[in-house]
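The chain that follows stands alone, in the form predicted alone, written as structure tokens.
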Amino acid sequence: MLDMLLPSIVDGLLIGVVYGLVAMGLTLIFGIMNVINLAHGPIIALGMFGVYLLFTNTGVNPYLGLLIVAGGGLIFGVIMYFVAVHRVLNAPHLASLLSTFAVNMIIIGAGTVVFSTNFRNVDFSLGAVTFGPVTTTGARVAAAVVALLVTAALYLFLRRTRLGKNIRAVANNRKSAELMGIPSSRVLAISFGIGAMLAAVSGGLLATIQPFTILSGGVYELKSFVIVVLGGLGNPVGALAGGLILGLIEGIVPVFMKTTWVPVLEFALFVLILLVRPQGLFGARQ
């Protein structure tokens, strides 16, 4: 049993780090502008196809392709903010939910026409990596390392740069930030772009690990909601911790019972946290 459990824990932690990045864009956008982006899943799928197309059509290394995907995700997020979010930002929550859901359906509809719903995969191998008695794929290790580097870069950006401090100021009190001369609309647009960029990059990383379709982003969007509730909605650091918890569940549960129980336990935990500690295990900054 231990021979099966230890590799499962390692694989769970590695994919959990990527899950944390998957949810980070969603929770960042909510923490800054109090908007739940229902187009989060399709943006993840666009990141998957971005890396796939760059690798398949031009031979670009998938991990270098992430840089192009990140730039595309940032630009797409800024455009989406001004088109679909800016005008409903101060409206009731339902307005922003419907607006981002409309973008969700547009991406899925157009993506299904262009790419169909056939599975694709990035045929790029990094071999196997051994940690003592545990052997895992190099792609999982690389994805986890890149996810950690992106998370660290985001933390330093928000804490050390002028723009990052402006974003935190707008998130804490938008009116006061505007009185101090901070252009809130521009800051919010960039913030939404960063959230979309994180979603696209996480999708690109997932594409190097497992097959995907244009609909795959929806699965990870649901996982993102579980993760942000675990870590605290609006708390990017908590998203990483929530991702690790979800990864451990996905790694350990199949050792003891059928894999079909994994989503049942995940969403049971989701409901339990909502009932017992709705602010999340690590709370959300008010």
Partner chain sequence: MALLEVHDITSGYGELQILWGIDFAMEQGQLTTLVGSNGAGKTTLLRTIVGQLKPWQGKVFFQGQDVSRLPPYTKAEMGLIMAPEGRQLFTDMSVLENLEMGATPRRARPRQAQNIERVFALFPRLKERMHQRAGTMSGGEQQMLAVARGIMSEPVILIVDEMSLGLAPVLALDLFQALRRLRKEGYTILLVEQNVRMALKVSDYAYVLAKGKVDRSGPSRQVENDQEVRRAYLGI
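Numbering follows the first chain given and starts at 1. All values derive from a computational prediction rather than experimental measurement.
Just so you know, the form predicted together with the partner chain exists too; it's not on screen, but the next bit is about it.
Residues with any non-hydrogen atom within 4.5 angstroms of the partner chain in the predicted complex fall in just one of 125 to 133, 174 to 182, 70 to 78, 211 to 219: 174 to 182.
Using a 4.5 angstroms limit between non-hydrogen atoms, T151 is distant from the partner chain in the predicted complex. Of the heavy atoms in A169, some are within 4.5 Å of the partner chain in the predicted complex.
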